[in-house]
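What follows is a single chain, given as structure tokens, in the form predicted on its own.
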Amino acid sequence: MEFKINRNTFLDGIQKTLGIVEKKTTMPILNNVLLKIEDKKLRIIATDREISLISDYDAEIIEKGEITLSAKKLYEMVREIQGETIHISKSNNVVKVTCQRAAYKIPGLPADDFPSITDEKDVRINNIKGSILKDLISKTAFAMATDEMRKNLNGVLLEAISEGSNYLLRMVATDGHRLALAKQETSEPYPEMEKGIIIPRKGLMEVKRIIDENESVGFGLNKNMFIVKTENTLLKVSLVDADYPDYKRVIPAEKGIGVILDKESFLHALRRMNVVSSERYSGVILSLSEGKMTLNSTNLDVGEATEEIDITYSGEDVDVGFNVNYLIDSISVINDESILLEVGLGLKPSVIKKAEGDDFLCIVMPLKI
């Protein structure tokens, strides 16, 4: 095997695999990427058996062949090399990487030992703007559970729905304390996903990583695999085989006390409250009274913070407590200048959404105060 390739192109190709290759594995070859010459292009393949990535790149092919190399070490080598073109050649199972006067030699493992990864050419692919899929992920991923024991919550639910004559993709994430829901209009229905699929955390982050929001992206389903295609990359993610909880039951039927807030002012005030947070306590109390909202965070280990914000409100006095990080997460992903906070009375959940529009909402459970 021997080829020449643009350094930046090769570096980008290897970097895409770093989140996939297994760091701790009983199969050392899963630490490696497969380099393979196919159809006059360089194909880079990585897998951890749950997620697989195949990328094709233009290269000057001198001799066909294939080899697997440590993804981490190969990336570090190419990152430090200076120059435009990298020359790679294989002798037995040792690969020489040269560029200008720099040269590395790196031992590899035979490609025959690498898991077989198919490129899913027969799967029906739906096309969508990359910005739509990226926006859905950005607005929900923060609410995923981190408890490995709750596999169905350790990812997001993606489903295709119809509202009147509109077709929508809806993504939902929850960890039991908060729930984020985002939806985006699409130009066509996706009947394969009407029942919904659960994309696991690691796979979702890889999907987000390869998407260019300025380009179109294809996606489809094959058995229990979610397929994402960009111009030169195919990503396959094994879906979570479990039932997602009925999230619609969590959405409050009754509207709480609505307060419209300037997003940036409220967000910065919450961050100032967060300064006195700790692992033991990260609560903030919001007190509504005529014409103002008072934020207070008191932590015996750190100190106390208080701030007032002017608001349009003339109802009775209300106090409600939240995890300050939950509020910051949900508000940060809203792009509008104004947000609507619907405060649930007692221990009922509160809702955060745009002041105008219904394409995003976050439900946050209150703290006892």
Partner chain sequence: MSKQLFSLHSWPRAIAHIDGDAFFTSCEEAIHPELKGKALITGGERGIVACASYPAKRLGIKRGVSLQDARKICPQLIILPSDYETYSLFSRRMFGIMRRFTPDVEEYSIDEAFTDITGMRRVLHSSYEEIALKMKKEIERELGITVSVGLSITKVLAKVASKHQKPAGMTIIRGRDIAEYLCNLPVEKIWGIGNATANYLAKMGIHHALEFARMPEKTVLQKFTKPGVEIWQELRGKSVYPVTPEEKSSYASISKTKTFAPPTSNADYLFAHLMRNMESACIKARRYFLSPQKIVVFLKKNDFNTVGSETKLSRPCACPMEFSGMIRNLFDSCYRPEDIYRATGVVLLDLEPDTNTQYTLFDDPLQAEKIKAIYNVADELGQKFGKHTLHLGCSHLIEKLGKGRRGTSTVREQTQLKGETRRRHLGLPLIHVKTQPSG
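Only a predicted model underlies this, so the values are computations on that prediction, with no experimental measurement involved. Positions refer to the first chain, counted from 1.
The same protein also has a form predicted together with its partner chain, omitted here; what follows describes it.
- The partner is absent here; in the predicted bound form, the one residue of I161, A111, V250, V97 having a heavy atom within 4.5 Å of its partner chain is V250.
- The contact with its partner chain in the predicted bound form, taken as any heavy atom within 4.5 Å, belongs to D147 out of E188, E84, D147, D212.
- The stretch among 24-32, 47-55, 301-309, 322-330 whose residues place heavy atoms within 4.5 Å of its partner chain in the predicted bound form is 322-330.
- Taking non-hydrogen atoms only, V240 never approaches its partner chain to within 4.5 angstroms in the predicted bound form.
- Although the partner is absent here, H177 is a contact residue: one of its heavy atoms lies within 4.5 angstroms of its partner chain in the predicted bound form.
- Residue contact with its partner chain in the predicted bound form: G19 places no heavy atom within 4.5 Å of it.
- Using a 4.5 angstroms limit between non-hydrogen atoms, D246 touches its partner chain in the predicted bound form.
- Using a 4.5 Å cut-off on any heavy atom, the residues of 337-369 that reach its partner chain in the predicted bound form are, in sequence order, G346, L347, P349, I363, M365, P366, L367, K368, I369.
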